[in-house]
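A single chain comes next, written as structure tokens; it is the form predicted on its own.
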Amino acid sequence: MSDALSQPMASNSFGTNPSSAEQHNAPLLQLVDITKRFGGLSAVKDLSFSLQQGEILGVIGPNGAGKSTMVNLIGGSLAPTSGTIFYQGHDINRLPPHRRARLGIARTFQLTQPFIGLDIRENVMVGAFFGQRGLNRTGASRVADEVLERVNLAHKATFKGSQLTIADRKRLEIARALATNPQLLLLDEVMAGLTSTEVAQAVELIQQINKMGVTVLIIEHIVHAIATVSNRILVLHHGQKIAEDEPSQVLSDPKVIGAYLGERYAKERRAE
């Protein structure tokens, strides 16, 4: 990562400073028995998993399985009904989204919504101001230009959001998140609506981001892409975890085939 995007945070917003041993041993992210209810419906139920620094964790499951709710819980726009979310070994249940961003948690959204009236550089500058302390306009502009170069949007820095293709709008979502200088990047269906060529480019971009030292949790329905990019895959169904393992193990799991992939997928795999 470049100097402007790789400076360590000056202060610890948790309020306590864990020992070096605790920092070394704790997963970057850990969910423990997380449940989120909306009235009588449990969108997420008793969900536990951890994510180590440097990993790419893929999350798949049918529509309504609780995937986006899970991301909203990690990002802070929703609070769990019960259970605890730990980040760097600390309970972050009560932290609002902006404090989580300052700690290094960034996310994208399924529906891309560039800020109306701002050009692409200014859109990314908003992310820089939101996630990084002490930036002036010049500093935020420099961060934005570096990020736009990384996601191959530098040549469109002065465009408006309405002038971008779907693929470019997805890249803008990633750019705004990267401008916050994250340690953990939550990607919510950044490949939806893309062509096969654009999907391959998105996979390559995510791998490049991970090589920069950013841990990634990615929700996606494009199975071959999630299998390619992920170290492990977590499968949700009716808000509960039904599988978690290396891609080859998960995608051959009968429970996963029955709940999500279907017999057609299983037959295609057997034919390969």
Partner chain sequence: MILRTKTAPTAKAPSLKQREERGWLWSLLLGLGILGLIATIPWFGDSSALHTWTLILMFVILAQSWNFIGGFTGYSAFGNVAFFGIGAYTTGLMLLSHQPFWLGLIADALVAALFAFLLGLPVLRLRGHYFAIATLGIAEALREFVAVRDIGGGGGGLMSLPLPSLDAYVGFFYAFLGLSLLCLLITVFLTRSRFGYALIAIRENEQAAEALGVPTYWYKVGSFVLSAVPTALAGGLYAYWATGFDPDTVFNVGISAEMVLLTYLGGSGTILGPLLGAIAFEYASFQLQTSGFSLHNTLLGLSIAIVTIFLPQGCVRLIQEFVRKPAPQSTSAHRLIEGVRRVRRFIAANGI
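Numbering follows the first chain given and starts at 1. As the structure is a prediction and not an experimental result, all values here were calculated from the model.
Omitted from view is the form predicted in complex with the partner chain, to which the following refers.
Engineer: Would the partner chain in the predicted bound form be within 4.5 angstroms of a non-hydrogen atom of every residue among L118, M125 and T180?
Structural biologist: Every residue of the candidate spot has a heavy atom within 4.5 Å of the partner chain in the predicted bound form.
Engineer: Does P97 reach the partner chain in the predicted bound form, with heavy atoms at most 4.5 Å apart?
Structural biologist: P97 belongs to the contact set for the partner chain.
Engineer: Answer with yes or no whether L185 is in contact with the partner chain in the predicted bound form, where contact means some heavy atom within 4.5 Å.
Structural biologist: L185: no contact with the partner chain in the predicted bound form.
Engineer: Is there a heavy atom of S77 lying 4.5 Å or less from a heavy atom of the partner chain in the predicted bound form?
Structural biologist: Yes.
Engineer: Hey, in the predicted bound form, does Q208 get a heavy atom within 4.5 angstroms of the partner chain?
Structural biologist: Contact check for Q208: yes, within 4.5 Å of the partner chain in the predicted bound form.
Engineer: Heavy atoms within 4.5 Å of the partner chain in the predicted bound form is the criterion; list the residues of 123-146 that meet it.
Structural biologist: Counting only heavy atoms within 4.5 Å of the partner chain in the predicted bound form, the contacting residues of 123-146 are M125, V126, G127, F129, F130, G131, R137.
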